[in-house]
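Taking the form predicted alone, here's one chain by itself in structure tokens.
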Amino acid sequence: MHRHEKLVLKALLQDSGEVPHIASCSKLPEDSVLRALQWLEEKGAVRLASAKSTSYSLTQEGKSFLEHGFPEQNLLEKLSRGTQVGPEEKKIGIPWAIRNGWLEFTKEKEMNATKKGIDEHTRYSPRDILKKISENKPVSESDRASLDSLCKRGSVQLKERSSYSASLTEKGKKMAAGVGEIPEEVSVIDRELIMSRKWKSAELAAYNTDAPVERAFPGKRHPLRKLTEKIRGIFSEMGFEEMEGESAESAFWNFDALFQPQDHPARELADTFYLQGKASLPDSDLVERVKDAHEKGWKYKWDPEIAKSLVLRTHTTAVSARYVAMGGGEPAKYFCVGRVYRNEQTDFKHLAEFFQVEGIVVWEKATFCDLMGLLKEFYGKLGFEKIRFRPSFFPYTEPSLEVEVFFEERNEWLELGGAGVFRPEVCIPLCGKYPVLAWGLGLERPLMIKMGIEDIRTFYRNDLGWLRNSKGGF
């Protein structure tokens, strides 16, 4: 038996209990006690029981909302009084007020509170939940949905804790009775002794420093996660905010809002995953503007029922369309790193599920030169010194270009992403402003090239040997 097992058995022979109590009796760290208990449980010497407990605490945002009110509440208050709306109400309050059905926009882009908003905003229950949490009071089951929403929003933090207790079995009692004196643990060579190289002196010459040892495999991040974090850092340095969206999206946001006709081949079952049920459409004015753009531009009768179809998003541009509409044309810079889904036949270079990276800039004074400058800066920060652009075509941008970077390892130019300016038929119905700059790239492709990988499925096979030996690419 391991020395820790013996100490734990002796502690349990005196008194059963939870891990902190056993740690105190055995004078071992709690993680060492738990590990020893798991070993003893496998040997049938102890019964190990676990219990989980949850607790909630307010984040810094939650404390601010408790003290000053939610931005969507403050927005409605200011609208009712006719006072100026602040930056927080614009950035956070407007999207949440629209989500709650409290706010609507006129054709002149003026904000008006709905009857629901006037009735509900003063008795907004999430603020009561924040107060209960701050006072360590229990939250009722009827408030569970609101509490979950606050956790997702980042206003409340959920903490889960597991506690363990143990007791000896009959076999364990016999094993504990047979444990004799336990010698003190032998101390290891002092770190300073190793660093100073004094261990090479004559009195320590008996240590064989050339003896083979077991190879250590410390934890490491997956190459895709590593690249994702690098890209997030680059966009943050460039002043972009991150967008988030759901994987299940309406055809309206995935296709129609991007001026893709309803008879386009990309909407077929052979290319897109459709889900059961129907999605709801946004406010009627926005739908009407998108409908007019399609009927004038493509010369066909636009069908709202097709737009309600529920799909797994085929690109993160669906998220961009939502944010352009929510922002109302206000200057902004956003990025998104998310999963997308295509009804593809899986092979060495295609997957049905993969990652896409997207960036957009909403600014009326933006130019095509600004777009190329941003792309050069982004790819430069990603480690590519030689970058060039060539004209291309994409369905919802005009003009459009492809970005090519020079890979020194392969001594060739390779295409890594597409970019362009959203067409007026996309921008004007969504936010009434033009232009919006946009670009995107696949996450896996540059990493495959950088790591010399020929098969995209390598990233998802959970090959422990490959993961241990991979250098991460970027």
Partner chain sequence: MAIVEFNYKELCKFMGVCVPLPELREQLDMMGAPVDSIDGETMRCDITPNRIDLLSVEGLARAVSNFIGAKKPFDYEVGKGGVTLAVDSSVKSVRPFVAAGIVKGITIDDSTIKSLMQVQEKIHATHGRNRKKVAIGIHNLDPLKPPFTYKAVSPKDISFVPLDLEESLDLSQIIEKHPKGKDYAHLVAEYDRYPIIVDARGNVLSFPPIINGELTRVSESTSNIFIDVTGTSFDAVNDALNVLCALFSDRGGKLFSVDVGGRELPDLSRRKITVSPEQMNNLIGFKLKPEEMAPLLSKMGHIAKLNGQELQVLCPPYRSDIIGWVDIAEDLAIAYGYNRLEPTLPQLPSIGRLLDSRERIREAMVGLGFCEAITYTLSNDEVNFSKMRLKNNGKATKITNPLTIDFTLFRTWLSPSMLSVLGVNSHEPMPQKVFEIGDCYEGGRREIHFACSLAKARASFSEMKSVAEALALESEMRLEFRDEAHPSLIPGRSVSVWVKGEKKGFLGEVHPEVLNNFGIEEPTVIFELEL
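Fair warning: this is a prediction, and the values are worked out from it, not measured in the lab. Positions refer to the first chain, counted from 1. Only the largest set of C-alpha atoms that superpose within 1.5 Å between the two forms is called the rigid core.
The next section is about a form of this same protein that is not shown, the form predicted in complex with its partner chain.
Proximity to its partner chain in the model of the complex, taken as a non-hydrogen atom within 4.5 angstroms, holds for one residue of L382, V287, M326, M243, which is M243. Out of the listed residues S125, T83, T346, N136, T346 is the one that sits within 4.5 Å of its partner chain in the model of the complex by at least one heavy atom.
Comment: 338-346 is the region of 338-346, 100-108, 170-178, 148-156 lying near its partner chain in the model of the complex, near meaning a non-hydrogen atom within 4.5 Å.
Contact check for F252: no non-hydrogen atom falls within 4.5 Å of its partner chain in the model of the complex. Of the heavy atoms in E377, some are within 4.5 Å of its partner chain in the model of the complex.
Residue contact check for R468: one or more of its heavy atoms lie within 4.5 Å of its partner chain in the model of the complex. Among heavy atoms of E305, none comes within 4.5 Å of its partner chain in the model of the complex. Residues V362, W363, A366, T367, F368, C369, D370, M372, G373, L374, K376, E377, R388, F389, R390, P391, S392, F393, E398, P399 are the members of 362-399 with a non-hydrogen atom no more than 4.5 angstroms from its partner chain in the model of the complex. Once the cores line up, the CA of A216 ends up 2 angstroms or more apart between the shown form and the other one.
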